[in-house]
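Starting off, we have a lone chain in the form predicted alone, written out as structure tokens.
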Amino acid sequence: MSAVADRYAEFQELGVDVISVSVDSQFVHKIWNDTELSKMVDGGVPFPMAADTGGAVGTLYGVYNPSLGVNVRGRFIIDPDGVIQAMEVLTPPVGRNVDETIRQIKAFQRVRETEGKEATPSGWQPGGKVLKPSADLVGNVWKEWNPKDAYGGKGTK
């Protein structure tokens, strides 16, 4: 939460709305923000922290655990049409990667801007090579792209 809050300006520059949702009440959110998060991020969390006290939202997104009464930590990228384009659900011991979230948002925006005429391969970064989906590309991706293009030659041969 604090990592996203710290980089909130980048999300705003991309035209992205950020909303945090948990089963905690708005009172718990306020105390958490005032006593902890505001010490990590100047001014605290700048985006809404929504209370899902009954787990209804978490249930809709498949992250609510009714036996524990909590939402498992997840991240959802939802496009302007309200369609989930990506989701990541991790257990609490492993943190999410804000750099990867921003990279994926930029990739989804690129694909949307080109109306699907371009696809961003694994590890794509802005300015990186894109693929142009077509019948000619089928069976020929290897001629256009290699994993080493994205990862600097790391991996297996």
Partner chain sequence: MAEKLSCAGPGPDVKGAKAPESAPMAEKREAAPRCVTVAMKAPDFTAPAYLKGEFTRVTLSDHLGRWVALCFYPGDFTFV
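Everything numeric in this text was worked out from a predicted model, so none of it was measured. Numbering follows the first chain given and starts at 1.
There is also a form predicted together with the partner chain; it is not shown, and the following applies to it.
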Contact assignment for the partner chain in the model of the complex, among Asn140, Ser134, Asn146, Gln12, heavy atom within 4.5 Å: Gln12
Heavy atom of Ala150 within 4.5 Å of the partner chain in the model of the complex: no
is_contact(Glu118, the partner chain) in the model of the complex, heavy atom dist at most 4.5 Å: no
Partner contact for Val130 in the model of the complex: the partner chain, 4.5 angstroms, heavy atom: no
4.5 Å heavy atom contact, Ala51 to the partner chain in the model of the complex: yes
Contact set, 47-75 vs the partner chain in the model of the complex - heavy atom within 4.5 angstroms: Phe47, Pro48, Met49, Ala50, Ala51, Asp52, Thr53, Ala56, Val57, Gly58, Leu60, Tyr61, Val63, Val70, Asn71, Val72, Arg73, Gly74, Arg75
